[in-house]
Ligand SMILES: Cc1cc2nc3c(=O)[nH]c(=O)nc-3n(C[C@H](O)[C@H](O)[C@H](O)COP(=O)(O)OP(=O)(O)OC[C@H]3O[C@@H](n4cnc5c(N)ncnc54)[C@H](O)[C@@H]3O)c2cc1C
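Let's start with one chain on its own, the form predicted alone, as structure tokens.
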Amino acid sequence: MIDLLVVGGGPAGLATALHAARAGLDVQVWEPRAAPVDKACGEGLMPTAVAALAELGVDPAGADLTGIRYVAGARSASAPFRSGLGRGVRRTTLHAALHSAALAAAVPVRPQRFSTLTQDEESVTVDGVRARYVVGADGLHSAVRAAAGLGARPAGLRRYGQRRHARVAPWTDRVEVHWGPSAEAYVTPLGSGEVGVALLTTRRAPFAHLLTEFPELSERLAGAQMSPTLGAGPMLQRTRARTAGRVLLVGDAAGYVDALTGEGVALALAQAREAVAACAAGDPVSYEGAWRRVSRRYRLLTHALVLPTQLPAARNRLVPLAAAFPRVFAGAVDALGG
């Protein structure tokens, strides 16, 4: 019997495995996809995420990010990160760095697909393999979450994300969030000749069609070579709890509000650390309180932004208000950064 089985070998699962190896636990990861695995995301790491990766000895290559800029037509508001630099990192680069670190730590990463689990007071059996604990880190549509009975019916708006890479020189060292009538566009510098462009919206429409909501951005990207579109969603995923016996959920599998604040990776890294601490202490129930603590800021800030932006009047006023109250906007950016 192993100490910990991690189902899902994305950043959340690999970080969990690295923390477990450091804690002296016998851990293995199941991930059926070959590394590196791509995903539709904004690809901007907040300063807290960069610091958390450094603690694990992971330093993915990318472009330094100095802050966040909100843009709506001719109006804009900008604020720096006060707690250090963020980093624009391609998802495949981030995943490859974590995967290499896991292998260097002698963590087995097996091309195994999850199917079923059962548990008793002493262990969890997953497709014939016994473990003292199981961490589900298998994403927005987590099969572990469903098998453990931790899912909850989502309510509210269904928002979706799409992402492309554009071969064009970055024109800023900040994450730009462009606000359109029904969508947001996130532009993240990724290197000397590439930016990531992620769109978030409730509308089900092609990437190129949604991009027309942002004339200035469309002009900057005109003629640039673009990668194929990757999509994700719906973003909102609710859970009734983050633990069920000896099963714990980490990352998007643990519940997700929205990608609006860009804190997904930072949040997953913090949850990975807390989940392993709970398992190492033999107290998985304690993870529930830890999850609430480390995710509280994300949940409050994201709900505060997502709900008002669904009202046209609120969307139209958001960037002018940020520009009119720079200290408030700077405080919000500082909270996001760490």
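The structure displayed is predicted, hence computed values, not measured ones. In this text, residue numbers run from 1 along the sequence as written.
What comes next is about the form predicted in complex with the ligand, which does not appear here.
Not one of A63, E176 and V195 places a heavy atom within 4.5 Å of the ligand in the predicted bound form. Within this chain, R69 is remote from the site of the ligand in the predicted bound form, having no heavy atom within 4.5 Å. Contact annotation for R167: none of its heavy atoms lies within 4.5 Å of the ligand in the predicted bound form. Interface membership of G180, defined by any non-hydrogen atom within 4.5 Å of the ligand in the predicted bound form, is ruled out.
Residue contact with the ligand in the predicted bound form: G139 places a heavy atom within 4.5 Å of it. With the ligand omitted here, the record of contacts in the predicted bound form names 245 to 253 of 76 to 84, 205 to 213, 245 to 253, 146 to 154, defined by a heavy atom within 4.5 Å.
Taking V58, A40, A278, V306 one by one, only a single residue has any non-hydrogen atom within 4.5 Å of the ligand in the predicted bound form, and it is A40. Interface residues of 1 to 34, taken as those with a heavy atom within 4.5 Å of the ligand in the predicted bound form (partner not displayed): V7, G8, G9, G10, P11, A12, G13, W30, E31, P32, R33, in sequence order.
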